[in-house]
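First, one chain by itself in structure tokens, the form predicted alone.
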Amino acid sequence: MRIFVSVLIFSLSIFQLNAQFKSSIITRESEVPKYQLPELLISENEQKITTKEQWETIRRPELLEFFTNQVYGIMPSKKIEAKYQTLEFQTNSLKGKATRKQVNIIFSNDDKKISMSLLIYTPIGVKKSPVFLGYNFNGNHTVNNDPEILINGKQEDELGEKKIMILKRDARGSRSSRWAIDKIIESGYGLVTVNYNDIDPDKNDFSDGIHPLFYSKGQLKPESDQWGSISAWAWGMFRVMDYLEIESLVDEKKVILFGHSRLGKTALWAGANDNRFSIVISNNSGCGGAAISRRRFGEKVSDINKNFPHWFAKNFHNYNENESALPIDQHMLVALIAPRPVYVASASEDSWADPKGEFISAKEASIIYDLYNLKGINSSSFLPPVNTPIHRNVGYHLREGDHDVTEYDWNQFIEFARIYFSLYNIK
């Protein structure tokens, strides 16, 4: 009887959540202007795309080029020196459940140098582990209350006077709720993470971070069509992937790229450019991520370019209050990841990220997965109820709650990966 009552209460709670969300969406949807999405399967010269070969050789390259030149910015093709330095290695971490490795990747060009510090956990007993790879916001030491995690690549006693300031601002384990490390490890997966500020500090200043290592003589900031911070962070993920290809603890064929919020935008853009990421996951990525720009719901292009002018290429600012002039929209970004699995996650109270717009992108991108005979989201589907995940080659869920990463999210991401790797016997 108690079990029945508990189930009934839970069901009623979910019903109330869905009713509240639908009411909010219906009210706010009246704000969305009429719009027409640009066609995924019609090329710039009006050629209809009907095969995966045409997609790969005609339509995909022209979409990628536009996103590159007008939205995220051109990343440098020039190679610079990268050195790998193992800082620490422990085979009995997390109460004996995991190995822990910490590695510095040092980039240098002429007299300029920066480094990014990787934190790697892999489960004991797994020879080469599949891993979730993602940036963190506040430092590796914030993802878990493990006293051996280095801070900015250093032991606490090496930080000197900065130690108290750093730990007061960002205490050990202060963001552990966003990183279900025990669950990830127990599920047979590893985690690789790095502070996104290591590769490019998140501020409107192009004199620090990775950009100056690529400037031409006298250059002080990127040109209008060159990389902003999102492309810089994506570039950083490529370089982490370079390292993971030679890391014996990691199965380089099973690297799952994950990102939340601005780093969800980054994950989609990085995944579109580098097919070494076997699965791509964006969580609450919103404007410039998975959300449809033309809907102008929640955060708009003008909002994001005003508040974060360094994230995108300067050319993207030309579309402030003028989204209809874009020959692309964000469903096309999601489609660029095909045929690899992609997962878009939304939150019911995160209206700023436009959950419905994120769902529409995932659904519309599924048209490209059809070309590969892969199951995406049905074109007739509507936004699913709260906490009702879709696990196909294009995955989606709308969970209860706000702009965050929760245990529910990680349960879905782990299950999505398990299904994909099992279904296609990825080895």
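Being a predicted model, the structure only gives us computed values, none of them experimental. Residue numbers run from 1 along the displayed sequence.
Unshown form predicted in complex with a small molecule; subsequent notes refer to it.
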Contact assignment for the small molecule in the model of the complex, among 349, 323, 299, 146, heavy atom within 4.5 Å: 299
The unique member of 189, 311, 235, 277 whose heavy atoms fall within 4.5 Å of the small molecule in the model of the complex: 311
Candidate spot 179, 281 and 397, all three touching the small molecule in the model of the complex (heavy atom, 4.5 Å): no
Which of 301-309, 239-247, 85-93, 106-114 sits within 4.5 Å of the small molecule in the model of the complex, heavy atom basis: 301-309
Contact label in the model of the complex: residue 261 to the small molecule, heavy atom within 4.5 Å: yes
Distance check, residue 137 to the small molecule in the model of the complex, heavy atom within 4.5 Å: yes
